[in-house]
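There is one chain below, alone, in structure tokens, taken in the form predicted alone.
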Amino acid sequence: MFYNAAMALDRDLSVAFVTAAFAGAPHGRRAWEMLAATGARGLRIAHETGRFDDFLLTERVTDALRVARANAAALGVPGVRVEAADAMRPVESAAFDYVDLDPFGSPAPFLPAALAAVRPGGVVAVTATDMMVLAGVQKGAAERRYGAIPVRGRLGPEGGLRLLLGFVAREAARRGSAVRPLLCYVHDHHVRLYVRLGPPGPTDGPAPVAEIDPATWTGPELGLCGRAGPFWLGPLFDPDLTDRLVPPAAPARPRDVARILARFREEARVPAPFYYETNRLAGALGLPAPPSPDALVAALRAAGHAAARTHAREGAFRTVAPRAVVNALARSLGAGAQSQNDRVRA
């Protein structure tokens, strides 16, 4: 039982997401926070968004349950219920419009109950904090827990995000459902997914979940010795949703939430898996100095390729352009920077 101050930004984003995603929806909406702890996330969502008529918070630990009930009573939000329950089982027969799964560690043991509890067209939010596993430090554990081979290194955090999203998509497919990512991101020590579940539509193709073969991969260098995945290789964001995201009225971290929402809006237009870092490009290409990431993004856009800075790592960017195009533009910008440095020294 604890209150995690480091997740304040994540809770800000939860309020922003629910406010936007459930705007204008009909009355009678139901939500379930499966592992409520002291209720910090669920009570903020219920209190600050007003989007749900029935919001169930469950917890199994007695001390946490007592604190969550006291917090709920202090806020007095209509429709909030705090109950003792095991999150590994669906708690009620009626389906929920929104299910929030935020464990300490892996969500895998609780995911079947989450998927079973959400109605068609509803939203499941999933957090994972087992980044040592998802980002490839504990490869064997990733294979056992998620049935996938992770990416290790500087691209490992996004690899973990895409590995988890691929796992959720595969688990949903076993239940006859398709997932549509609305907002999926990596921040600090965790990854967070918001996905809408529903039956596959008549025009839907197979989910973009696949392994990566380094012999044929044309995106950023992943440092792989063999195949990895399966990963979700499709979009992480719904652009219409990201356009509607605004900071909550009383954010815990106002500067940070405004900045990351702006980055989400830009990045949502570039549905390319994984990102480039200019310092890594400079090292790989033998450039005297890394080109500016903003200059590279501008050059890619001028050449007709979608490109944007990414939230996943400061100074990095993603683009739909093949790696050969990125390398050529980086060399051109690097050569220009070298010539300018030579003129300054002269």
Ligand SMILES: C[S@@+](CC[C@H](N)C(=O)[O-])C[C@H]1O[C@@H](n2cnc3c(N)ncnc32)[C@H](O)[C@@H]1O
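Start at 1 with the first residue shown and count on from there. What you see is a predicted model, and the numbers here were worked out from it, not measured in a lab.
The form predicted together with the named molecule exists for this protein as well; it is not shown, and the discussion that follows is about that form.
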**Prompt:** Heavy atom to heavy atom, is V61 within 4.5 Å of the named molecule in the predicted bound form?
**Reply:** yes
**Asked** Would M88 show up as a contact with the named molecule in the predicted bound form if we use heavy atoms at 4.5 Å?
**Response** yes
**Request:** Give a yes/no on whether R41 approaches the named molecule to within 4.5 Å in the predicted bound form, heavy atoms considered.
**Result:** yes
**Request:** Answer for L56 alone: is it within 4.5 Å of the named molecule in the predicted bound form, judged on heavy atom distances?
**Result:** no
**Asked** Only one of F274, F110, F264, Y194 has a non-hydrogen atom within 4.5 angstroms of the named molecule in the predicted bound form; which is it?
**Response** F110
**The unique member of A282, A308, A37, A299 whose heavy atoms fall within 4.5 Å of the named molecule in the predicted bound form** = A37
**Message:** The chain here is shown without the named molecule. Which stretch in 289 to 297, 26 to 34, 66 to 74, 310 to 318 comes within 4.5 angstroms of it in the predicted bound form, by heavy atom distance?
**Reply:** 26 to 34
**Request:** Select from 133 to 164 the residues with a non-hydrogen atom within 4.5 Å of the named molecule in the predicted bound form and write them out in sequence order.
**Result:** none
